[in-house]
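First, one chain by itself: the form predicted alone, in structure tokens.
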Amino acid sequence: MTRIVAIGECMVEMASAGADIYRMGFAGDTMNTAWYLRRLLGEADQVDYFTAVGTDDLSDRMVTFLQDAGLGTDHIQRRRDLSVGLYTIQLQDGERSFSYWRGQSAARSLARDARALMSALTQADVAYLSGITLAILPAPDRATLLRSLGEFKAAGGQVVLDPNLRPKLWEDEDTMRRVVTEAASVSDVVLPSHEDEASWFGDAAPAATANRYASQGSALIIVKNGAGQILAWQDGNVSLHDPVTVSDVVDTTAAGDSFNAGFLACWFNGSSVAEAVQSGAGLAAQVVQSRGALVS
């Protein structure tokens, strides 16, 4: 049995369903990965979601959605004075752009209570987070989260990080780079996307991305690279893997999130890095051929 705790923000998703018509759902990078993990792992495995929501009807509907998806919700915190964030998706030629409303999002307070955080991590095997998880938090809460993850790792837990660099969510780019690097230093596995890393860290090639994160002490780095080869760095050994070719990309939403789930589910079950990468690439290829973050 593996128990995974995904940490982050689930939001209301409004996706276009035609002219001036939107379809409501729930999504968010770490929740997307948790949703897919739940479908890929065995019944004995447990996937929990750790966040904060409000006490309003929309928050209740979100928690019910998570429960119906098979995710553990026992440690979700409730805030009476807050609610949940919302975003809309706009698509053009398969590429997506987003507009966000998260000023009232309770998830921004998810690391306010260190005891609640450590309670959620008790008896967990894996903690999963992203750069977005860190970006939405006030600076003191980021420090609390990273300190808690360091304690979790020191006690034998495994920390998995998707840097998911979104500079618009941060105070400034230097803060983003510094905090993500700090998060990598307490992470065992890092799952970056080279396009983001090249833009904001200046990495010339996927190997540079892998080496930079390896310098922080991570044992396994998988560098996603769009339609290019995926680079795996494991304890100093480098291998390249071909992605799955997709001729008709409909929507790239959650491509990286689903890759992470496909990779991790296979990896946790004892498969090789090559097998796990192909699992991730195969799932991502399926997801980008349909609309929305969560594809049955």
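The first residue of the sequence shown is number 1, and the count goes up from there. Everything quoted here is computed from the prediction, not taken from an experiment.
Unshown form predicted in complex with a small molecule; subsequent notes refer to it.
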What stretch, of 239 to 247, 264 to 272, 30 to 38, 54 to 62, brings heavy atoms to within 4.5 Å of the small molecule in the predicted bound form? 239 to 247
Does the 4.5 Å heavy atom contact test between Ala276 and the small molecule in the predicted bound form come out positive? no
Decide whether Ala69 counts as a contact residue for the small molecule in the predicted bound form under a heavy atom distance cut-off of 4.5 Å. no
Flag Phe259 as yes or no: does it have a non-hydrogen atom within 4.5 angstroms of any non-hydrogen atom of the small molecule in the predicted bound form? yes
Proximity of Ala281 to the small molecule in the predicted bound form, heavy atoms at 4.5 Å: yes
Go through Ser148, Ser83, Asn225, Ser109 and name the one with a heavy atom inside 4.5 Å of the small molecule in the predicted bound form. Asn225
Spell it out for me: taking the small molecule in the predicted bound form, does every residue among Ser193, Ala255 and Val288 have a heavy atom no farther than 4.5 Å from it? yes
